[in-house]
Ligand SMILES: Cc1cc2nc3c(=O)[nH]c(=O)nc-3n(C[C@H](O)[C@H](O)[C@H](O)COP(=O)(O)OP(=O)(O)OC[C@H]3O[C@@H](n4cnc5c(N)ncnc54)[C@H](O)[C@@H]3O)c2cc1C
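A lone chain, given as structure tokens: the form predicted alone.
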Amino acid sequence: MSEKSQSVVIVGGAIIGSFVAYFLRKEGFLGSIKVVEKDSTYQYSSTALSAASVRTQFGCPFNIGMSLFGVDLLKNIKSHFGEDAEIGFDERGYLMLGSHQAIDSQRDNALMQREQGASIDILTPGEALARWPWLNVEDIGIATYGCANEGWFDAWTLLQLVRREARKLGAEYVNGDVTAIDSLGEKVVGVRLADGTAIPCDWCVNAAGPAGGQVASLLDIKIPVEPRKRTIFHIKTPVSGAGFPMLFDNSGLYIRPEGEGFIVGISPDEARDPHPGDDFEPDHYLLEEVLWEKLAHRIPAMEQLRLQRAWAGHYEMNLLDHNGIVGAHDVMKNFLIATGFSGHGVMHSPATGRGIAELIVHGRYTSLDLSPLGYERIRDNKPIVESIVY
């Protein structure tokens, strides 16, 4: 499929769509690549509004492999995108706290993660307290810490680097909203934009993020992907950010350093987590009613905090099992799906982009086997549940 006459249209030009375009060229695709993005400013892009981090502490082995590939790219960013490439990767790791009831399962998970190539420290509460004296460990049974290949970075800068390189390699970015996908028999033949523009294609990739379910529905394909709003708060507290990890508390909150303060967030209860539509207003009640108390319990010094700002973005939630959907549709085989990552799309975007490119160019995965993430489990309603989701 490296003939110059072949063409690919990618619906969605943020981090996953851009990595698909980039790796198509790296895998030898010579044809036309058009990336259609309706928000060319990326003002509401999940990529730009995310907490921008990478971890290897997952419950599914394939997610660990995807993270390891992604972090290798982040660490060697200059070899991919030039000597001026700098994304501020801060390799400090995730500290995950577990209850007394979770000791066995969290330890077993950590041992599995090590087998998959992750570098994980397994700590007693006392050992965790010795490393991070500001912690309250009274109700903690176990802690695990990613001592390598975890951390955070500037996702906006990464997006601009990948997008710039994809364009250098000949990908064309089109500002437009895909409102129809044309098919002939069991094959996609093109997309149509809201302004009436028709773009023919031999391959169509759904990398539309939170709109992934909506894009699939244009072909009467149902995937359980919907947006869910997530609010991030930037706070200042008396606690120093020096040596502070990305903390995942067993209460559900996360917190990490950002600038002179911290960013913190938590998922709302399901009853208060509807389809957000066009709502990007921060849910301030989460800080006032939920986070403040949980923060003060886990880190007593954070009982004193001051809100600096807050923003909200939309996660692409796979409501079946919180894992990405990656691969070709079972009938419409030239319609490829790359969405539904439920909060870990940015960290898995390099592996996803490479995987989709391999399917188009080679007809199969040639590096990481992402087949467990395929559409078939959606069709058959057989979830592969990722147990470590924030």
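Counting begins at 1, following the sequence as shown. What you are looking at is a predicted structure, and each value in this text was computed from that prediction instead of being measured.
We do not show the form predicted in complex with the ligand, though everything after this point is about it.
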| query | finding |
| --- | --- |
| Answer range among 293-301, 313-321, 108-116, 137-145 for contact with the ligand, defined in the predicted bound form as heavy atoms within 4.5 Å | 313-321 |
| Contact test in the predicted bound form: Gln57 vs the ligand, heavy atoms, 4.5 Å | no |
| Gly343 within 4.5 Å of the ligand in the predicted bound form, heavy atoms | yes |
| Contact of His329 with the ligand in the predicted bound form (heavy atom, 4.5 Å) | no |
| Residue contact check: Gly213 to the ligand in the predicted bound form, 4.5 Å heavy atom | no |
| Contact assignment for the ligand in the predicted bound form, among Ile120, Ala171, Leu95, Val178, heavy atom within 4.5 Å | Val178 |
| Interface residue in the predicted bound form among Leu161, Leu219, Ile232, Val239, criterion: non-hydrogen atom within 4.5 angstroms of the ligand | Ile232 |
| In the predicted bound form, residues of 41-70 near the ligand [heavy atom within 4.5 Å] | Tyr42, Ser45, Ser46, Thr47, Leu49, Ser50, Ala51, Ala52, Ser53 |
